[in-house]
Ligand code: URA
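Below you'll find only one chain, the form predicted alone, shown as structure tokens.
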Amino acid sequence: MKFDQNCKKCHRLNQFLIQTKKNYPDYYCKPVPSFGDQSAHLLIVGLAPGMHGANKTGRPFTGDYAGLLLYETLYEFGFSSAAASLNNDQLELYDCRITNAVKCLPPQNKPLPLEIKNCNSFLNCEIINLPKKSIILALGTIAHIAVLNALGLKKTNYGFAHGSRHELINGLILYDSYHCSRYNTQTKRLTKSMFQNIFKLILQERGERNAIY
């Protein structure tokens, strides 16, 4: 199903957005669309909009701590026109697109299983329309599982681990990374070098796949 900015499938999330909009009238407070190149060969899948990040700005990983490492790394590896993503800037992504497993802000940043399932049709639409030779980067376990569900694949056949690589259907490749959240980066569960190594693998993968095809 194509993304619907007016989706209200999840009553809990819809009510939370209504209340959040009352508390923060200037915030976006709607399902957050994907951002980036429509024909990108790299799709990055996060968890959900943050309260004072994408839920405020309307752009994934923009405005909060989680986006700092992501956009810095994207810029360093040639996927972004700037090292920081700020509201109302002119930042562009190159051959890269960013989305979330859940498009609406969830309470305590914890979507329920049914809410993830309800949103999965949007992710399915994005994935099945990816160009040939595309790579998906899942940030965290929920994003990883959402990608598998979107393609109808069994979770038991594709275990999540930081740095793991999975060959999916239709020639798609899935890489896993710990989420670049404040908690993960401040506790050093995910370091800058660990995150950079994922993108080194992706660039190597792109080069090899381009040579094969």
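From a predicted model like this one, the values you see are computed outputs, not experimental measurements. All residue numbers are counted from 1 along the displayed sequence.
The following text describes the form predicted together with ligand URA, which does not appear among the structures shown.
Residue contact check for residue 64: one or more of its heavy atoms lie within 4.5 Å of ligand URA in the predicted complex. Not displayed here, ligand URA is kept clear of residue 31 by more than 4.5 Å at the level of heavy atoms in the predicted complex.
Residue contact check for residue 85: none of its heavy atoms lie within 4.5 Å of ligand URA in the predicted complex. In the predicted complex, at least one heavy atom of residue 47 sits within 4.5 Å of ligand URA. Look at 166-174, 56-64, 23-31, 148-156: in the predicted complex, residues with non-hydrogen atoms within 4.5 angstroms of ligand URA sit in 56-64.
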